[in-house]
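Only one chain is given next, in structure tokens, and it is the form predicted on its own.
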């Protein structure tokens, strides 16, 4: 299978590239400027904001599957317009599309959200992700839209780096006790996305971890795994601050889990060993 990973230089993208190579797929991947130090895939510089550039690349590669893991949190054009450009190119090439979305499309008013829940974003990033979902659904009705949550790894994610910096006093700030998500391990997420890519499933899927934990509990789990003093992690409440975005969003992945062989472990499991 020929796989194109858009956003292949990102944290999730690198895992998708690695797992695709391990499975014996022919892999191409994109980066904005410089490719990472990852041997195997054919790397291509790509700005997803440029519709013609995206179309030309997909036409040249002729992939069977396109997985779009590209986004820039503060850039509407990259997150929303870029998703539309990738969807248009995939549709034109007849490629299977898997689009990675986010729990940021929800306000948190309902707390628990399943695959039938309608987006109601309250922050710019969530609005861009919701717009991307709308574009992908309209352009590629047979695509998979995979909403996920905080992505954790074995030390390389931005969340883990922040916890280490806070625990060692190299950074100031707090971890909120009232901001709750369902973190997923990057290896589980990538495996699930590749499994969905190889299936005939379409539409919205929720691909997140089994445990709902606060930012502070997540930080505690990471600190303990890394042999750091969890008691040194500063805590606080986000309620009452002017920070944008929802407080408590829990993705209900029941329907998706019934379709997958891949286990979506909870943070207490994958950080507990």
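Residue numbers count along the first chain shown, from 1. It should be emphasised that the depicted structure is a prediction, and the values quoted were computed from it without experimental measurement.
The following text describes the form predicted in complex with a small molecule, which does not appear among the structures shown.
At the 4.5 Å threshold, heavy atoms of residue 185 stay clear of the small molecule in the predicted bound form, well away from it. Taking the partner from elsewhere, residue 264 is found to have every heavy atom lying beyond 4.5 Å of the small molecule in the predicted bound form. Using a 4.5 angstroms limit between non-hydrogen atoms, residue 113 is distant from the small molecule in the predicted bound form. Proximity of residue 27 to the small molecule in the predicted bound form falls outside the 4.5 Å heavy atom cutoff. With the small molecule omitted here, the record of contacts in the predicted bound form names 121-129 of 134-142, 88-96, 163-171, 121-129, defined by a heavy atom within 4.5 Å.
Think of it this way: in the predicted bound form, the small molecule has a heavy atom of just one of 222, 208, 48, 66 within 4.5 Å, and the residue is 48. Interface residue among 247, 228, 32, 38 relative to the small molecule in the predicted bound form, by the heavy atom within 4.5 Å criterion: 32.
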